[in-house]
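In the form predicted on its own, a lone chain appears below as structure tokens.
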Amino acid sequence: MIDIEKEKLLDTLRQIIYKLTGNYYPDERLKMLEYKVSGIIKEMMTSGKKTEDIVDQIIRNEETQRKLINLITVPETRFFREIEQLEIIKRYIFTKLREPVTVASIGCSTGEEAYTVAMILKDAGLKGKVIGMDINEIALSKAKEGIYSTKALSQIPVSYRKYVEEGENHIKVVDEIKNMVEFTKANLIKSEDFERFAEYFQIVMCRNVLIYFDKQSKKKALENIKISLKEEGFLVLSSTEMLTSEFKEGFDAVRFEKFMFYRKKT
């Protein structure tokens, strides 16, 4: 297959990924996309199939779709990421909510953020439920295990290390924390994945996820988040993210110290 066919295939994969997940790869990120899906491209190119046939295969085959999604949705995650923001959430938000506190961790990947939130709730003496959501089934399987490499221990503050058990070459989240957390497959641009949690969450954490969406898919994602939030519930973005005016409909911006949060309007 000549280079022009390869470029055509890559562009087609970009469109399919956007349609399936809302994750958009602009031209400046195409090289990254090519790296992630290089195996699929090689497999398809050597098969001698035309791009149109490949597209048809992906559209009709759910297993191929899952394989594609799993390849492109493995974001970086770690325990107690942006710990200063988490401390502010604990101080100003968690402790003022009615128990049990209900939290969504969207784009939870392998589960570190969801377990972190559960640890913070437990340490604050609060009853709570955390639902980790991701579109990547491989990452979710890892999250459900609650087992991580020993080096992950360095990410956890000393006062919270009582919530993990140290093994020979791994750490394991203790059962009292695991029992506070559930994981489920969810697609941010599919309303049905959030209607089942209609007005359930007091807090939705969606950090470093929407930055990969374009305007249209970001608006759809925010609509779905609002579906799942209780009235006056909080949307938590990364400390480096902000909702501009075109995306803030239905939310009030609320500042606690130097951090901005978004509360669902009543």
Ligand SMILES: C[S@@+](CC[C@H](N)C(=O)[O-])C[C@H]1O[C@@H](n2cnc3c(N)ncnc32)[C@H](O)[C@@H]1O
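Here the structure is a predicted model, which is why all the values come from computation and not from measurement. We number the residues from 1 along the sequence you see.
Keep in mind that the form predicted together with the ligand is not shown, yet the notes after this line are about it.
For the options Glu192, Asp175, Glu76, Glu168, the one in contact with the ligand in the predicted bound form, meaning a heavy atom within 4.5 Å, is Glu76. This chain lacks the partner; the member of Arg81, Lys142, Arg161, Arg196 within 4.5 angstroms of the ligand in the predicted bound form by a non-hydrogen atom is Arg81.
The candidate stretches are 226 to 234, 31 to 39, 212 to 220, 60 to 68, and the one lying within 4.5 Å of the ligand in the predicted bound form by heavy atoms is 212 to 220.
Although the partner is absent here, Ala118 is not a contact residue: none of its heavy atoms lies within 4.5 angstroms of the ligand in the predicted bound form. Proximity of Asn187 to the ligand in the predicted bound form falls within the 4.5 Å heavy atom cutoff. Not displayed here, the ligand is approached by Ile135 to within 4.5 Å at the level of heavy atoms in the predicted bound form.
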